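We begin with a single chain expressed as structure tokens, specifically the form predicted alone.
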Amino acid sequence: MLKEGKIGLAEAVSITTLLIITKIFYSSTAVVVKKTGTAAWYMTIISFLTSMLLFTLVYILMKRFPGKNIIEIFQIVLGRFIGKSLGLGFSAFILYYSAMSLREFLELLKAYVLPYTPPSLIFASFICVTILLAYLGFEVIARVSYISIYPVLIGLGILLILASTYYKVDNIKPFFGYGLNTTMYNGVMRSSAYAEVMLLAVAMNTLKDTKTFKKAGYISLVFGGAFFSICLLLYVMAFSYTIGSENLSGMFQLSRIIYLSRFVQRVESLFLFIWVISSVVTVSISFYMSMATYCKVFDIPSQKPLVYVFGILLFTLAILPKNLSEVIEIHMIVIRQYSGIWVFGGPIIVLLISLLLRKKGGSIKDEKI
């Protein structure tokens, strides 16, 4: 069994919340506005409600197998071979998620801040920090997440307040965007943007009990839904949906237009600070969870021997896309619009099978290979 230590409710909420809200700093803002227009701010509420429903079904599954993480449950319900295969699929997807997040951050950083810096230098420095945090373990990452979430939220809050002079209520008209059907469809599909909450199911052994899992999941989802809705509403009010759909990083662009006086300008430096912190921590979390999932599949007691191997895999996957367009139009669409089918759908199918077979509790060693 992988030794990960124990974390409290506050750390668990910090991890999942940071994973969810960091997407607002990337291309998600402009993509959502492009798809739903002025309805973007309440489209994400539909996504949040859908993810709440799906998470509730996953919680029911976890409650049937108290003290077990999702990988152990897969093996108990489906048998060791199928369960391990499904666990490996989760590990591969989490690593893919980590690599694409890293590549998107790199491309946006180069586009806005460091156009002449060699990409290899940014990759190397970023991956070194990621490997270090993953080597130190989950408890350290949880504490770093708990500390980091405060400057991220406070910094973004300051930016949104400073940009208040640019907000125009008329920019959110027409209220129905491109139509209710479009808004509803994208709202349901974009529930994948909240799929990071499922990492709590992988880290179940680090939580006190199933009630902590439930509380951490619901708190993260509610906070993430409110956060996305407010940010998208203010973003559309500042740029309108026509201009807002053309920016690469909506929040960074919002920080660049702030000019209150000759003494209050160029506040994107503040945004860059919180952007780098949140990106480093979120990539480190997902990178570690990929290794942790792999370790749980094969009963490896420590993640440390795998850190450098997974670091090479992370780098290899991150450099595969040819350019930013490929990252946004293919990989981010897969992760933020369709991944929920896999991430939520797999455990929900396992729940249905466990109900049909009347499996509850149990031990992995009782199952046949």
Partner chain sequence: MQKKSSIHNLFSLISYKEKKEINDFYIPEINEEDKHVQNNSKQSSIKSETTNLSVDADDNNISTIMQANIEYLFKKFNYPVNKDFVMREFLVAGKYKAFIAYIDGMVDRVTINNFILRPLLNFTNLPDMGNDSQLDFLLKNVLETNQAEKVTKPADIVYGILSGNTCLYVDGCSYYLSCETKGFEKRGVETPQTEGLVRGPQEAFNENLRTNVTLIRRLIKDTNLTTEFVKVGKRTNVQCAVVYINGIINPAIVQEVKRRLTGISADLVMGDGMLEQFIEDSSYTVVPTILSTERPDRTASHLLEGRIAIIVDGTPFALIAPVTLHSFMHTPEETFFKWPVGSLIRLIRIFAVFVAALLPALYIGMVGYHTEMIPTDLMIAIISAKENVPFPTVLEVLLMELSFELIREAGVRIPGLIGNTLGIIGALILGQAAVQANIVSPVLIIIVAVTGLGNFAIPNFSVAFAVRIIRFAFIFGAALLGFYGIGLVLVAVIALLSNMKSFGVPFLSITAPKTSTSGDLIFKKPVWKQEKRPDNINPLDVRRQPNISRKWAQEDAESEERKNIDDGRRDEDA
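Numbering follows the first chain given and starts at 1. All values derive from a computational prediction rather than experimental measurement.
Form predicted in complex with its partner chain: not shown, discussed below.
Asker: Can we say 113, 132 and 305 each have a non-hydrogen atom within 4.5 Å of its partner chain in the model of the complex?
Answerer: Every residue of the candidate spot has a heavy atom within 4.5 Å of its partner chain in the model of the complex.
Asker: Pick from 276, 184, 233, 202: which residue has any heavy atom within 4.5 angstroms of its partner chain in the model of the complex?
Answerer: It is 276 that has a heavy atom within 4.5 Å of the partner.
Asker: In the model of the complex, which of the listed residues (92, 158, 188, 270) lies with a heavy atom within 4.5 Å of its partner chain?
Answerer: Selected option: 270.
Asker: Answer yes if any heavy atom of residue 146 is within 4.5 Å of a heavy atom of its partner chain in the model of the complex; otherwise answer no.
Answerer: Answer yes; at least one heavy atom of residue 146 falls within 4.5 Å of its partner chain in the model of the complex.
Asker: Test of understanding: in the model of the complex, would residue 266 fall inside 4.5 Å of its partner chain by heavy atoms?
Answerer: Close contact exists here: in the model of the complex, residue 266 approaches its partner chain to within 4.5 Å, heavy atoms only.
Asker: Does residue 153 reach its partner chain in the model of the complex, with heavy atoms at most 4.5 Å apart?
Answerer: It does not: once its partner chain is placed as it appears in the model of the complex, residue 153 has no heavy atom within 4.5 Å of it.
Asker: Do residue 297 and its partner chain come within 4.5 Å of each other in the model of the complex, heavy atoms counted?
Answerer: No, residue 297 stays farther than 4.5 Å from its partner chain in the model of the complex.
Asker: Among 104 to 112, 190 to 198, 82 to 90, 211 to 219, mark the stretch whose residues have heavy atoms within 4.5 Å of its partner chain in the model of the complex.
Answerer: It is the stretch 104 to 112.
Asker: Looking at its partner chain in the model of the complex, which residues in 113 to 129 have at least one heavy atom within 4.5 Å of it?
Answerer: 113, 114, 117, 121, 122, 125, 126, 129 sit within 4.5 Å of the partner.
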